[in-house]
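Here you get one chain, nothing else, as structure tokens; it is the form predicted on its own.
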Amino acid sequence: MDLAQFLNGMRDPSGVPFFPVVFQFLMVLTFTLHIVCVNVVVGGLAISIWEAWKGGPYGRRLARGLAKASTIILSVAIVLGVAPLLFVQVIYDPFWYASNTMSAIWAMLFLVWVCTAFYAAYGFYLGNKKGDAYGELKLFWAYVAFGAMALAGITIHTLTMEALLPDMWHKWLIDGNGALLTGGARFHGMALGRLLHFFMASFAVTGVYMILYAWYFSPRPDMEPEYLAYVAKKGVNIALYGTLLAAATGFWWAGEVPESLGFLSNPVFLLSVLAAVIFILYLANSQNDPANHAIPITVLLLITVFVMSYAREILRMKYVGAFDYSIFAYKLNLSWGSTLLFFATFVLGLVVLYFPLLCAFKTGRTEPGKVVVIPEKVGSLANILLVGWFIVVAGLGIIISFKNGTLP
């Protein structure tokens, strides 16, 4: 059996319940949101440490703000990270499961790194919560959190690269004496340009977050305009230079890609370059008053990251396509019921989340001590939809259980 037959034979024999292109789009979309959150955490921790060292009073206050944000955004990043991982497991299952088997110990350690980063980020925030906002910071837990996030990034990078190189699997699984390596403790497939690209992008995204920070808190009278101007100015500079570094390492990564894949001439890759150029030019044009351009900058960032994420997916398709593997050739067993339930849950979830997000948004922009008024209908609708969703899902579960004979 050749490698192409082997890979296609490893597909789930039950097939996929809906069209693979839908899973692919959702995978790219959720990965975009996930990686933006991860970038803010990594970049925020790094900038916090730097500002605590060199930033002066305003820098130390900013470090505290980023410390608090890292705890919340890391929680969101973890939740959002589940979605693209599940979609990868659905349409690229032979590759993902193989890499996780070859480096099984590291796949498990990834969870350790993430948990460590999560609790260390809280330690950093709580350890500096009390006292003067402009005072010195305790940085031990910041180092731990940043180091754990770096290890998590390196681990997931390597697992992803291993999955893209099935022609190397037999070399990685067999030692010089012909014995099968089942320990799962080895690392393979490192691509330095690709790894650095994602780390450099963290500064670009965090810089944009800092611009949004200055814009968001601008209505509050208890937030000093000079401090917010400091954050916005530093943010736009970090975003600009971070994007330039991300672009440079991105071309380094592209240079590591085999020429036979023809990736550099792919229209999606060229579109991602164009999006990055537009984003850089807009950042450069926003130097004088970055907070006033916060929303357009954020929109451009999200578009750029989405297009780049799709270019990344195109590259993955080219890697696996070299072995006659196509997600569009996956066996299709349409399941309209489960698919409709999935999308209905997704839309309903967005509507329900609107209420707490609206509360958080308005509360954060209001001076402490003042009452924030939210329309009662918004909260009532969220509660009704949530209760209705539980009734429908529980009811379907009971009906199906009786139908299949799992309940008497």
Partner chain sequence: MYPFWEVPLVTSGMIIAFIASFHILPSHLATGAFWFNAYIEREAVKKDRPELYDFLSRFTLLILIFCFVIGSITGVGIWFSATVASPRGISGLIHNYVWGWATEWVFFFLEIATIYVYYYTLGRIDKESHLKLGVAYALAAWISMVIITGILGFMLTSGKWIETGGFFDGFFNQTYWPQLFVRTSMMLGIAGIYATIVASRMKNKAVGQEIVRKASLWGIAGMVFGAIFTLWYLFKLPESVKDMAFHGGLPYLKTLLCVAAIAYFIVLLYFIIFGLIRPQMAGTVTGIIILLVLFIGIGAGEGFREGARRPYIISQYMYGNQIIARDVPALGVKSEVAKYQEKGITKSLYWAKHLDLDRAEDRIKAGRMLALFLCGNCHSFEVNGIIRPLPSLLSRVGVEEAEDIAGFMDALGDYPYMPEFPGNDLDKELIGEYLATLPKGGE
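Just so you know, these numbers come straight off a predicted model, no measurement behind them. Positions refer to the first chain, counted from 1.
Missing here is the form predicted in complex with the partner chain; even so, the following discussion is about that form.
Asker: Just give me the single entry in 253, 215, 306, 125 that has a non-hydrogen atom within 4.5 angstroms of the partner chain in the model of the complex.
Answerer: Exactly one listed residue reaches within 4.5 Å, namely 125.
Asker: Select from the listed residues 223, 244, 78, 154 the one whose heavy atoms reach within 4.5 Å of the partner chain in the model of the complex.
Answerer: Answer to the contact question: 78.
Asker: Where, among 67-75, 313-321, 231-239, 262-270, do residues come within 4.5 Å of the partner chain in the model of the complex by heavy atom distance?
Answerer: In the other structure, the partner sits against 67-75.
Asker: With the partner absent here, would 35, 58 and 190 each sit within 4.5 Å of the partner chain in the model of the complex, counting heavy atoms only?
Answerer: None of them does, since no heavy atom lies within 4.5 Å of the partner.
Asker: Is residue 21 near the partner chain? Define near as a heavy atom within 4.5 Å, in the model of the complex.
Answerer: Residue 21 lies outside the contact set for the partner chain.
Asker: Answer yes if any heavy atom of residue 134 is within 4.5 Å of a heavy atom of the partner chain in the model of the complex; otherwise answer no.
Answerer: Residue 134: no contact with the partner chain in the model of the complex.
Asker: May I ask you to state whether residue 337 is within 4.5 Å of the partner chain in the model of the complex, using heavy atom distances?
Answerer: Result yes; residue 337 sits at the interface with the partner chain in the model of the complex.
Asker: So in the model of the complex, does residue 288 come within 4.5 Å of the partner chain, heavy atom to heavy atom?
Answerer: So residue 288 does not count as contacting the partner chain.
Asker: Taking the partner chain in the model of the complex, which residues of 178-208 have any heavy atom within 4.5 Å of it?
Answerer: Those in contact are 178, 179, 180, 181, 182, 183, 184.
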